[in-house]
Ligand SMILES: Cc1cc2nc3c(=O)[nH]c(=O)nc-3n(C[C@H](O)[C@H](O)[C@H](O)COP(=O)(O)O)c2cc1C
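Let's start with one chain on its own, the form predicted alone, as structure tokens.
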Amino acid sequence: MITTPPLTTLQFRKALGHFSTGVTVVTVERAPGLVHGMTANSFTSVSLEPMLILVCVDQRAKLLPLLEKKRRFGVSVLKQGQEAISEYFAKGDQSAEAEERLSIRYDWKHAGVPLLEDTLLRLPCSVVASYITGDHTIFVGEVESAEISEGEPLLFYRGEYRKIAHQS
């Protein structure tokens, strides 16, 4: 009998990189008028009735305690050309100076839910459930509304940003 060696976390991560995803930024108000965000590609729809989505947040992420406390968050789907914004929110350190340099602006029309301006899609959400599993917490959010803009999505595949290729 031939046995295969156990899968390592690095091999698992590389294997899952073969699934292309969109790129989102999850945002939470950390203090009045101040935002903390996190780049996430672990985002998906869950239900149409009620309208639910989910995001997965690493147990070590700075966003986790904010999301647990505030129970409201925004999801902004990035579009082509927003790689620098994705990279910025993938880092733990965030500052007003860096956001100004990257021209990051927030839309606050949904009370207490900051959403990134100039993105493909913006979803203000309320947490309806959370589940700790493995090294992440899965947050299920009820979508309050959807704001859709023109553009093409920023994609991530095999550790790189990609674009949609239109067939002729």
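The numbering used is simple: start at 1 and walk along the sequence shown. This one's a predicted model, so the numbers in the text were calculated from it and none came from an experiment.
The protein also exists as the form predicted together with the ligand; that form is not presented, and the subsequent description refers to it.
- Contact residue in the model of the complex, from C125, L67, M38, L116 (heavy atom within 4.5 Å of the ligand): Looking at the other structure, the residue within range turns out to be M38.
- Any idea which of 139 to 147, 38 to 46, 125 to 133, 105 to 113 reaches within 4.5 Å of the ligand in the model of the complex, heavy atoms considered? Answer to the contact question: 38 to 46.
- Query: Is there any non-hydrogen atom of F73 lying within 4.5 Å of the ligand in the model of the complex?
  - Reply: Heavy-atom contact with the ligand at 4.5 Å: absent for F73.
- Item | A90 within 4.5 Å of the ligand in the model of the complex, heavy atoms | A90 belongs to the contact set for the ligand.
- Task: Although the ligand is absent from this view, report whether A61 comes within 4.5 Å of it in the model of the complex, heavy atoms only.
- Result: Within the cut-off, so yes.
- Query: Do V57 and the ligand come within 4.5 Å of each other in the model of the complex, heavy atoms counted?
  - Reply: Within the cut-off, so yes.
- Residues from 134 to 168 in contact with the ligand (non-hydrogen atom within 4.5 Å) in the model of the complex: Read in sequence order, the residues that approach the ligand (within 4.5 Å, in the model of the complex) are H136, F156, Y161.
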